[in-house]
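Take a look at this single chain in structure tokens; it is the form predicted on its own.
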């Protein structure tokens, strides 16, 4: 039977006057396959609701100039069909009462989540709301690869200088599929089908080829960026992959030191013996290696120090909370210190606010990425973003 996967038709609208939390919820939804829109001004909510036609709404109860109960009444008056989740820093009794108010307005309520919102709780609620739409198959993905529908977007990564400025010196390559009729298909969906169908090697080769072609172009334009590429767990069992990567770099005249392969913590530990073989060969060939989403898996520290990583990437679930909880601050500081003690570079993902960036500078984190630095964009848009950001950090820095 051919592998199939449904394209979800899900649109999430989040309204919260805490911008960093608003963007966080929207980003979590995007990763799950939602099209999402974040609104921080209650006055903009009504227009956004009418224009965006969301299937799910995440609603803060306490906002300056308005409150969630007023908006629940508005949604009830509109006959809203969207499912509604209320969030608040108030106690569970208030959340429960707000849920009942929404139900009395004829709304499809999802209950409430108390702030600070746990990533796992938010994901669990959103997964339950997802609707299934038209079906795509492995054949569709195979045709997309043949027709060059797969693109690569690039998200900037910034490096901390000795005087605590942050300069963009690299990017992460992210696969994007723009279907000619269905538009952009969320990465979690087509990557999953690539994994299940055995097309992941072909997909990765496509990303590697496009990325190295792009980085060669940047280098020719005197933009010496490095590039990080995600590796599937399946490729960690493919002993021929290091040779393919080396061949691709040579064909484009790229020094492997400018290429970093990112591996999730859980994937690296699924078959340590074979993984160590593949990762060591990549390091011998001078590619960089990053352990991604660190802190969310179940690896032992023994396996961590035995694997030849060059970078430790701290998961967004820790980074986003450093301005809200002492526990998150302690964890991030400890992971930065662990990386340095092991001779690794530390990198924090999910940096959305200047306050988080300032904390990471004080913690001596080496690299950062997130929407504050820049969103994923096509390769031709990246040089302007690099110039604008780096000039904002120092007018004397030449890119």
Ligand code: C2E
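Each form is matched to the other, and the largest set of C-alpha atoms that superpose within 1.5 Å is called the rigid core. Keep in mind the model is a prediction, meaning the values are calculated, not measured. Positions refer to the first chain, counted from 1.
There is also a form predicted together with the named molecule; it is not shown, and the following applies to it.
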Among 330-338, 52-60, 36-44, 351-359, which stretch sits within 4.5 Å of the named molecule in the predicted complex, heavy atoms only?
351-359
Work out which of 289, 175, 278, 199 lies within 4.5 Å of the named molecule in the predicted complex, going by heavy atoms.
175
Just one of 207, 244, 130, 216 has a heavy atom within 4.5 angstroms of the named molecule in the predicted complex, so which one?
207
Report whether the minimum heavy atom distance between residue 262 and the named molecule in the predicted complex is within 4.5 Å.
yes
Whether residue 271 contacts the named molecule in the predicted complex should be assessed with a 4.5 Å heavy atom distance threshold; does it?
no
Although the named molecule is absent from this view, report whether residue 187 comes within 4.5 Å of it in the predicted complex, heavy atoms only.
yes
May I ask you to state whether residue 171 is within 4.5 Å of the named molecule in the predicted complex, using heavy atom distances?
no
Partner contacts in the predicted complex for 313-346 (non-hydrogen atom within 4.5 angstroms of the named molecule):
316, 320
Does the distance between the two CA positions of residue 123 reach 2 Å or more between the shown form and the other one, the core being superposed?
yes
The CA atoms of residue 354 and residue 120 move 3 Å or more in the predicted complex, ending up closer
Pairwise C-alpha change, residue 28 versus residue 348, in the predicted complex against this form - closer or farther, 3 angstroms or more
farther
